[in-house]
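One protein chain, two forms: both are listed below as structure tokens, the first as structure 1 and the second as structure 2.
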Structure 1
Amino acid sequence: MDKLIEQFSLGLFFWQTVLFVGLVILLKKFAWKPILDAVNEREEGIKNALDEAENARKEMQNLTADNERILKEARAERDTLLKEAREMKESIISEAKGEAQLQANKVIEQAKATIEAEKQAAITDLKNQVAELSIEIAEKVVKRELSDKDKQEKLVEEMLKEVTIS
């Protein structure tokens, strides 16, 4: 019985080995290849996704660098425009002040000339009025003095003396 069990064990071992090898061959032919292909495909997909992610990261870095460069350029251009605007404002203000000063000086000169002309006209008018008044006064005095014959002779003598003395 031991022998029979031994033979049975050997036979069982043999058939188990044959079944195992057959199973491995079947698995290799029908299961391993599709499984390995699926695993390789998955690995390739993951590798491609990682490459695309790396490319996207590099592209984002490039875009960020470009954005920073564009922002710097825009800030520099803004600063330049502001500087030019300030200079233009100062130039316009300076020109306006100069023009206003010239106009003010012109108006002042015209006012001085007008005042001087009016002053001269007033002086002339005053002289004329004084002369007229003097003539009127002299006329009245002369009329009064000349109303009497003795006074007339005396006045003529005084005038003759003054004329000969001068």
Structure 2
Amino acid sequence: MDKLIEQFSLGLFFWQTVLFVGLVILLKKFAWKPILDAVNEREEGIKNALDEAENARKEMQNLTADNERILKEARAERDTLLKEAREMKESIISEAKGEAQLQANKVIEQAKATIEAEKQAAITDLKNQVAELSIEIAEKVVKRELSDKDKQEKLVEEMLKEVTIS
């Protein structure tokens, strides 16, 4: 301790203090302030850039989510459209079927009626023709039968017989 005090140099202390304090002030003005400011500015820049990137990423995510939502909606719409179309198709088909059935029935009915009418007409016609034919045949037969007197008499007799019977 004794030696320390003996060694202590006031001049050195004085100059060290002056030079050191001067150095601090000078460096503060010409070095530390610009250096720290520059470093801060740079760090701020990096931080901002990172934030921006993060924001962009989020935006992208939002966009993707939006896209997906829109796609989903579109898909759903398509599905409902398809479903509607199918339903419509089915209803149209069934309607058409009903109509066709109805129409067919009607046609059949008409056909049946026509057939019936034709049949009746044919029958009547046939009857008429048969009657005519019968009359003709009868005429011819009669003509031939009545050409002979005996025979005519015989027939009249027969007929008379018949009439009496009936």
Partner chain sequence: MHRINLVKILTLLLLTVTISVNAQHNSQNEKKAENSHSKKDLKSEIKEYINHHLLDSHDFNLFSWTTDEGEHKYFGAPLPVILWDGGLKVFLSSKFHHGEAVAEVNGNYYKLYHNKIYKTDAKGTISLDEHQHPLNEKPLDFSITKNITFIFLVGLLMFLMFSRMAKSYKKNNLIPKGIGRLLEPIVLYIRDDIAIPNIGEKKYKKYMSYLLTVFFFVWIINLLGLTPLGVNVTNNIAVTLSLALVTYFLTTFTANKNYWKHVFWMPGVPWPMKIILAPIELLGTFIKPFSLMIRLYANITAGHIVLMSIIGLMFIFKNWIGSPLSFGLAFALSLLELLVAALQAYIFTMLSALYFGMAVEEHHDDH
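So that the term is clear: the rigid core is the largest set of C-alpha atoms that superpose within 1.5 Å between two forms. Throughout, residue numbering runs from 1 along the sequence of structure 1. All values derive from a computational prediction rather than experimental measurement.
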Number assigned to the form predicted alone in this pair: 1
Post core alignment: residue 40 C-alpha displaced by 2 Å or more between structure 1 and structure 2: yes
Taking the rigid core as reference, does residue 31 move its C-alpha 2 Å or further between structure 1 and structure 2? yes
Rigid-core-superposed Cα shift at residue 19 between structure 1 and structure 2, Å: 9.7
